[in-house]
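Take a look at this single chain in structure tokens; it is the form predicted on its own.
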């Protein structure tokens, strides 16, 4: 079973991201489960959503305490919430930012981790450009498909079409595809650096 925890703020589509991730998994014939955890439901408040993906029926119902992957939709949470709590040592981290892990103050903390599993993408900027709104959730799903290789981009596109229609769907598909390409390039760079290190 692969477990994903998504951290963001109210209004950023955190819950929708988890739902769409589970739809993408269903598209590939997998079992999936998505659910949120709200502290306070006001816009801007920290929100966590969870997604489990497995090849057999999922019986667990509790929050994910030891995720295989983290998607962090709002980098301001890095210094407000322990977003890395329980993350497995070989886990994946995708952060919505145009800064490096060093610039975020995470260089020392993550120095022994697999560099190709640590990625950033400017999802808010991509969302603004492609969809006309600064919502990072769908671009991050494209980025997650790239970094984890757990799902195909085509499955994310099907999930987008399941959730949206018309120009909104088109914009979100373009955003997910762009983020996918950005993360794929970032992973290639990390692999090259690892070889030369």
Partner chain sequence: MLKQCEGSHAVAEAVALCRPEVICAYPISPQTHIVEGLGEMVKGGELKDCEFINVESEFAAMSVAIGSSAAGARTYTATASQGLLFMAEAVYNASGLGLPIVMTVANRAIGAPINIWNDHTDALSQRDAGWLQIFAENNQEAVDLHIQAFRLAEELSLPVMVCMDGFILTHAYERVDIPSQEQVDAYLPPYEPRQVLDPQAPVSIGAMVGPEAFMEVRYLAHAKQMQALERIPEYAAEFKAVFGRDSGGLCHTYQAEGADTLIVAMGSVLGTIKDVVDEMREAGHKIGVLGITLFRPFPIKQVRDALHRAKRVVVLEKSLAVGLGGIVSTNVRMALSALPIDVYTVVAGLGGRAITKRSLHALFRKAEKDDIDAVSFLDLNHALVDKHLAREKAHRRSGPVAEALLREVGTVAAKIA
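Nothing here was measured: the structure is a model prediction, and the numbers come from that model. Residue numbers count along the first chain shown, from 1.
What comes next is about the form predicted in complex with its partner chain, which does not appear here.
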From 34, 69, 157, 135: within 4.5 Å of its partner chain in the model of the complex by heavy atoms is 34
Using heavy atoms and a 4.5 Å limit, would one call residue 61 a contact residue for its partner chain in the model of the complex? yes
Contact label in the model of the complex: residue 22 to its partner chain, heavy atom within 4.5 Å: yes
In the model of the complex, residue 80 touching its partner chain (heavy atom, 4.5 Å): yes
Find out whether any non-hydrogen atom of residue 152 is located within 4.5 angstroms of its partner chain in the model of the complex, and reply yes or no. no
The stretch from 140-148, 23-31, 126-134, 167-175 that lies within 4.5 Å of its partner chain in the model of the complex, judged by heavy atoms, is 23-31
Do all of 7, 57 and 65 end up near its partner chain in the model of the complex, with near meaning a heavy atom within 4.5 Å? yes
